[in-house]
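This text opens with one protein chain seen in two forms, each one given by itself as structure tokens under the names structure 1 and structure 2.
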Structure 1
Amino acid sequence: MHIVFAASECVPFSKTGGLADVVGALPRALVAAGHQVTVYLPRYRQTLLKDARTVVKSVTVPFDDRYRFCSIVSGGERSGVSFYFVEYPLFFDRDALYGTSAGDYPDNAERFALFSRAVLEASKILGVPQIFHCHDWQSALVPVLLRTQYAEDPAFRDVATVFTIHNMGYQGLFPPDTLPLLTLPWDLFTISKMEFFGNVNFLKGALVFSDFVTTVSKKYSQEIQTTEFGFGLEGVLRARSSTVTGILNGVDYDEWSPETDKFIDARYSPQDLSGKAECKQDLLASFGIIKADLRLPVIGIVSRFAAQKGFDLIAQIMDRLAREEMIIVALGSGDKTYEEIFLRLSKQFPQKIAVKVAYDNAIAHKIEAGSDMFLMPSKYEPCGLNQIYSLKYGTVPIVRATGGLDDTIEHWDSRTGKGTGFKFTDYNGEALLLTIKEALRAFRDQNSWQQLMRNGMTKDFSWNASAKEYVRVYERVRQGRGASTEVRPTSGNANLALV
């Protein structure tokens, strides 16, 4: 099968969160399973390309009063996956991907509409796939366009669409006049299509028009069909619940494993944990903590700072948590409110919490390796990757039992020796504090703690199983579109360079 991924971020080219990790890894697993995968991404300022080659000089994208002309640049092939970039510097050559601390870029609808239209037009030249697999609101117009303005395009007659929700909290909401601005028809502005409380909702468009909707854990696929987690779109999802499923994200262990990690001070494994102490010392040093007693438990945090992540709970309990023997090291950036909360806490409790407000991949790896525990008290969490990385690094997760956190972590039971972490359910400071204290108590018995670490380290969350589930979804939607199971040759042409 040929699958085209359309997404707004992907390691190593661009990243703000876990979406980039998923789009970086799943295509490789699909290729390893014998499929052809092409990934389309915007070419941002932060996208570093070695041998960039323009393969389509001009793609025409209509807007209300003008045409815009973008080009398609090939980023070559990596592990068998082809990468193409939509180049339009006016929209994408900027400091950030989606916006700055002052807010989202005001032209995000135009930016990602141009991206989505360019993917469709480019694929007619570079290779029409059997499946378009789109991710989050930034590529949500692909399925909308395919079933509306492109419905009669013979090139796309048998093409099926799969849409993955990575986060219901970001929907791409824009004022109604966005439709004419993007030359989309007004009949999309109805409650059964893209209208949402007086605005245009890109995500809703994808939920209505895609052949199949997936999200990134089983639990979250159920949660988003409820008022508490659906962000107003629960009804849309419930109405099509037979074509909504959860497929747990995998992990790229080439990037995230203490046995091979090049960012950490010493390598270690379940058989030989000794390197972890060195990583702990190095981590503390990089946070300016030189003389700490290495027996003191270290609780790590790596996160986008956003309301979703539950850090208001830490602020609620920090004065009581500070009485415990432990140190918190936190790395994060994003929402100013949470940056300020963390900086304030680190001033108030300098012996107990060290904070770096930054986006820094090397430090993220050091925290995974050098901490004893990893904290994710999320209000909601579609999947969450850091708790899965933590398992591999023997860094015991303390999580709220929601979404993918609940699906990936089993509560530790010292009597049976089973379990991989600590979970709490109620979203309040008391529940969090009790659970952290339980973890700190468990840490005092180092023998059973090592059992707990090893339980996590030997779990396998690699992509193979999840990639198979995606393939089953792709096959199902292809059959739904009446396609034969025989694999058609694609019209992709590697020699095509139209410059």
Structure 2
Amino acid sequence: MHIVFAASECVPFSKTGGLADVVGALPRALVAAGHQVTVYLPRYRQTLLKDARTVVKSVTVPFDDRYRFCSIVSGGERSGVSFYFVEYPLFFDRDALYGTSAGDYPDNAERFALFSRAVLEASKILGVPQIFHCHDWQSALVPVLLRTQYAEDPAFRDVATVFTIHNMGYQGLFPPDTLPLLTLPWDLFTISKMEFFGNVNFLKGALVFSDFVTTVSKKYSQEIQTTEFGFGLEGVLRARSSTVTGILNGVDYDEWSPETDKFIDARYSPQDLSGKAECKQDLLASFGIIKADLRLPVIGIVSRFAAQKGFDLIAQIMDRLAREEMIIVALGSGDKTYEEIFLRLSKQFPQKIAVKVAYDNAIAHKIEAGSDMFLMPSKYEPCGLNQIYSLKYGTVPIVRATGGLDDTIEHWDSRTGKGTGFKFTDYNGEALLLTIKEALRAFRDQNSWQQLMRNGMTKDFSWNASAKEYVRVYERVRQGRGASTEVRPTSGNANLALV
């Protein structure tokens, strides 16, 4: 089967979040399973290509004011995956992918509409797939275009579409005049298609027109069909719930494993945990904590400093938490309020709380290896990767039971010796503090703690199982496209309460 991925970022070429990790890893797993995979990406300023070669000199993309002409550049083949890049410097040769500290780029609708059309046109030259697998709102126009303006194109007659939501909070909302600007028909601006409280919603278009919708964990696929987590689109998803599923993201154990990690001070494994103590000492030294009692538990944080990540809860309890017998090391950046809280506390408790306001991949690895616990109290978390990394490193996760955090972590039961971490349900500071204290008490019994560590280290969240689930989805939508090519967006009556 030939699958084309269309996405706005992918490691090692471009990255702002977990989307890039998925698009970098899942195609490799699919190729290893015997499938052909092509990945299309924008060519940003940060995209570094060796021996780049133009394979399609000119792709014409219509806009209401004039045509724009982009080209397609080959990025070669990596692990059997072919990479192509849409090159249009006016749109993509910028400092950042989506915007600046002042906000999103005002022409993002044009930028990613051009990208989506270029993917379709290029595939007719470089190879039409059986499946277009699109990711997040930046590629959402691919399924919209396929079922509207390209519906009569014989090249795409039997092509199916799968759309993956990585985070419902980002939808691609634009004013109504975006449609004629992108030469899209006005009949898309209806409550049953792309209209959303007076705006055009790219994500909604993909949810309506894709053959199948996936998201990145089972729990999150259920949560986004509720008012709390659906961001206004929960009704659209409920209306097509039979074609919505969650497939947990895998992780790349070639990069994230204490047995092979090139960034950490010592290697270790479930059979020999002795190297973790050296990693702990190295981690504390990296944060300037020199004379610490190594018997104290270290709680690690690697995160964007934002309320969505639970930092409002952390802020509520930090003064009380600082009195506990433990050390906290935090790496990340984001909301200035939370950055300042950590910086203030690190000055007040220099031997107990340390923070680096930055993102440093090497330090992130050191935190995973050197910490005893890892804190992720997210308000919502579609999948989460750090808690899975933590399991592999024997760094016990403390999480809120939401999304992928709930799917991947089993609460520890010292009586049975089963479980992989600690989790709480109610989103408030008291529930978080009680759960951390429970973990701190459990840490005092090092014999049972090592059992807890090994429980997590032996879990397998590699991409192989997830890739098999995606293949089952691909096969299902291929059969569906063979049976009928009629577009059936959600009915207007059903959607009245859904937007």
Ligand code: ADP
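The shown structure was predicted, so the numbers you read here are calculated from the model rather than taken from an experiment. Rigid core: the largest C-alpha set superposing within 1.5 Å between the two forms. Numbering for residues begins at 1 and runs along the sequence of structure 1.
Chemist: Given these two structures of one chain, say which is the form predicted alone.
Modeler: Structure 2 is the one predicted alone.
Chemist: Pro350: after superposing the rigid core, is there a C-alpha shift of 2 Å or more between structure 1 and structure 2?
Modeler: Yes, because once the rigid core is superposed, the C-alpha of Pro350 moves 2 Å or more between structure 1 and structure 2.
Chemist: Is there a C-alpha shift of 2 Å or more at Ser333 between structure 1 and structure 2 once the rigid core is superposed?
Modeler: Moves: yes, 2 Å or greater.
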